[in-house]
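In structure tokens, one chain follows: the form predicted on its own.
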Amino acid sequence: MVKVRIEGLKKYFDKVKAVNDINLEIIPGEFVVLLGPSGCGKTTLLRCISGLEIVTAGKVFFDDDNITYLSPKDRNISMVFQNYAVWPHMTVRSNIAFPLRIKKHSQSKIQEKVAWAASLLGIDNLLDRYPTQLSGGQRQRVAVARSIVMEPKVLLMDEPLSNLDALLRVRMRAEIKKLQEKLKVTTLYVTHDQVEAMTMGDRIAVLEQGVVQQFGSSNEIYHNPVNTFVAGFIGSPQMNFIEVEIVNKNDKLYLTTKGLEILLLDIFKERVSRLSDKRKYILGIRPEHIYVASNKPVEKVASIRGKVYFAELLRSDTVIHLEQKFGLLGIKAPGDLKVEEGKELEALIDLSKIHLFEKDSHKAIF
């Protein structure tokens, strides 16, 4: 197992700062997900770690070895790509064995390692087939088997499941996570899919515009986002953002805007006591922390009423868009809830689960 350390890494393409001063430390055997929207720099960062891109500045270490300018073949890494990259003219056996042949391993060693990797991925009955005879999921398993057959120090995976259908993605992400836990290989996994990130990663690095916005566990990122970007990117449906100001009434603090007044609980008072009541702030409320009044599960709530503008009937859940003076309020309700568009509805906001951000910097206050 290898520790990966990234210090001040930058990669510029002319004036485009694809990766901009990234610092990360990945502990040995950890599964780290690089998460963010398209164009945020996550694949470029992975390619810098692999040696496929020459960095503009900064350093990459495997344990205490500076490998920043080593060629990819000298880094003892393996990489799994989005498009499988299996050779169509080779059998599954030959595809998996290819890196071992390049390294001139003995025939007996090759047979042993191919059988081991194929068994781990559940494709030992497909060894004599060609990629054209395989499903997408099977081809991806071949690509993963080929990547682990050399027992690399670091495994790099660039959106390996994005070409699979939804049901197969669920199955494959479980298989990849279980495989990584067996191998205990340090793994960096790129995705734009927050569900993949939340279910697979020991820790998640959320990137935007080439900068790591937050690096932590799924629990930390979901419950304590550092800014509005992370708060809005994590969670489905997206967090509600409402512009508010702080008002003091009879020694009680309220967050107010048109049609909404929310009492601040004592657990938040200390964090806002020094804030100005003349400035604007952004209130964040996740749709799953707003409840229909008939299904009230918590005690400390703020009531809000409005007309149902639209309801997304997902059957497992119902996402309600409630008309308010400040805009639409998203609510995640049980799938069996009967909702009629145009009808008035009372909703209850869980006061213990709200977030507050600075309007100018978008940084979290709580």
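Here the structure is a predicted model, which means the values were calculated and not measured. All residue numbers refer to positions in the sequence shown, first residue = 1.
FYI, the form predicted together with a small molecule isn't displayed, but the following is about it.
Test of understanding: in the predicted bound form, would residue 82 fall inside 4.5 Å of the small molecule by heavy atoms? Within the cut-off, so yes.
Would residue 68 sit within 4.5 Å of the small molecule in the predicted bound form, counting heavy atoms only? No, residue 68 sits far enough from the small molecule in the predicted bound form that none of its heavy atoms falls within 4.5 Å.
Please run the contact check for residue 153 against the small molecule in the predicted bound form: heavy atoms, 4.5 angstroms, yes or no? Outside the cut-off, so no.
Please determine whether residue 304 contacts the small molecule in the predicted bound form, using a 4.5 Å cut-off between heavy atoms. So residue 304 does not count as contacting the small molecule.
Report the stretch among 324-332, 43-51, 56-64, 306-314 that approaches the small molecule in the predicted bound form to within 4.5 Å, counting heavy atoms only. Contact criterion met by 43-51 only.
So the small molecule isn't shown here. In the predicted bound form, which residue out of 192, 169, 113, 75 has a non-hydrogen atom within 4.5 Å of it? Here the answer is residue option 192.
Which residue among 354, 345, 348, 18 has a heavy atom within 4.5 angstroms of the small molecule in the predicted bound form? Exactly one listed residue reaches within 4.5 Å, namely 18.
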